[in-house]
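Okay, here we've got a single chain as structure tokens, the form predicted on its own, with questions on binding and movement later.
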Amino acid sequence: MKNKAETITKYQLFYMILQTQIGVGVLGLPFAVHQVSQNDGWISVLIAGFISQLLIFIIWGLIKKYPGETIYGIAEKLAGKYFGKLISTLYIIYGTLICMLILDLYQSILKLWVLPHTPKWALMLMMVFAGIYIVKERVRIIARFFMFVTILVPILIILTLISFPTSVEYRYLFPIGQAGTLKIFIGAHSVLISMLGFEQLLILSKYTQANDRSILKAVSLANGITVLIYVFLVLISFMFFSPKEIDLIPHPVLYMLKAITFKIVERIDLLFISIWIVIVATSFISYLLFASKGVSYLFKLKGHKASAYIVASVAFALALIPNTKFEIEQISTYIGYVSYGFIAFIPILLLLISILKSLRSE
């Protein structure tokens, strides 16, 4: 029986997955996908959404066979004690690296747009303190925080709609399919990396007080809304900037907002960034929790409070290493490729092992 203080509802699961998926990559997504898929980037978003939904089905198929377990416990049951611990260690490293990447991307955008003279360590330290402050609490309290700040997501959309110009050029989207099938699929890769977060189901399912179908519906709905938001942002950016312009603008949404001025709020883009920081913090918190739960499981700690301090410290130290924008982009690329192992390869492998074990027992 689950400890009630450690349980979350299906709605809280939905909010946690949604907030994690809409993370730090949302600002640079239109630029990144246009680099590869050109004006067909919105098709790449839809393809990435479809692939992420397939991966959700695979992860759900695995975790529903082991209710009350996280990926750390499942790995040990299916792969044995030593290989299971190895898989758990890899997932902890994965969660820590994502935390590091979020810190680096967050501080680089903040330095570019708001605080150019503030040291990067100071910006990252603020995020680390905020993350630890939330993550050291029980999962239910963390989920309540996610529910509370979800109201900021519609505000971001409204701010983007305010900036929507009256003279958009729909012809920038045509002809559809000009990038070619291969480039559209390669573009889906960069989008899929921005959609990471659904793999949180590998640990959150243990705490969710709902049946298997409700869990699947909650995660699928979060993924569907993420896809819609990303398609919206990509389309609005592609119709506002010409194909040549958008290749020169790394954060097109912020540039659109910067052009808007009101008597009360002069810089809408700064208001947008202020809200975006909270959204980024939720992604950081999710992956900090993900890795912290793994450390506490591996070392049989009573709670994840101590491990949260350890993981956050390691992520902060690693995030200090890259010094240039190019180095951050290189690390982001490597982590993007490595992430397939954790969202696809290992879950598929474990699912196949569980199916084989079930067949043998019959």
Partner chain sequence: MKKFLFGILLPLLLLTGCWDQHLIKDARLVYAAALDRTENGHVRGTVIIRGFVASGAESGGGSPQNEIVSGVGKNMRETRMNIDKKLSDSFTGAKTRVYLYSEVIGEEGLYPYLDIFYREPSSSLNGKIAITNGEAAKYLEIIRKGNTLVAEYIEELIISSEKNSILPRLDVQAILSKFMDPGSDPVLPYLVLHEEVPEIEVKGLALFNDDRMTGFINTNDATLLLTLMNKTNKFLRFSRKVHVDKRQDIENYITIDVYKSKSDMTLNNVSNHSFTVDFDVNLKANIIEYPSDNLGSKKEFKKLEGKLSTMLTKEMNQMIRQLQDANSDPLGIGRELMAFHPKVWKNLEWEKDYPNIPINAKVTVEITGNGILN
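Keep in mind the model is a prediction, meaning the values are calculated, not measured. Numbering follows the first chain given and starts at 1.
Here the subject shifts to the form predicted together with the partner chain, a form of this protein not shown in this document.
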Interface residue in the model of the complex among 158, 248, 182, 151, criterion: non-hydrogen atom within 4.5 angstroms of the partner chain: 248
In the model of the complex, the residue from 216, 235, 225, 126 that sits within 4.5 Å of the partner chain by heavy atoms: 126
Interface stretch in the model of the complex with the partner chain - options 217 to 225, 288 to 296, 114 to 122, 90 to 98, non-hydrogen atom within 4.5 Å: 114 to 122
Any non-hydrogen atom of residue 258 within 4.5 angstroms of the partner chain in the model of the complex: yes
Non-hydrogen atom contact residue 242 with the partner chain in the model of the complex at 4.5 angstroms: yes
Close approach of residue 82 to the partner chain in the model of the complex, 4.5 Å, heavy atom: no
Residue 169, heavy atom within 4.5 angstroms of the partner chain in the model of the complex: yes
Sequence-ordered residues of 67 to 83 touching the partner chain in the model of the complex, heavy atom within 4.5 Å: none
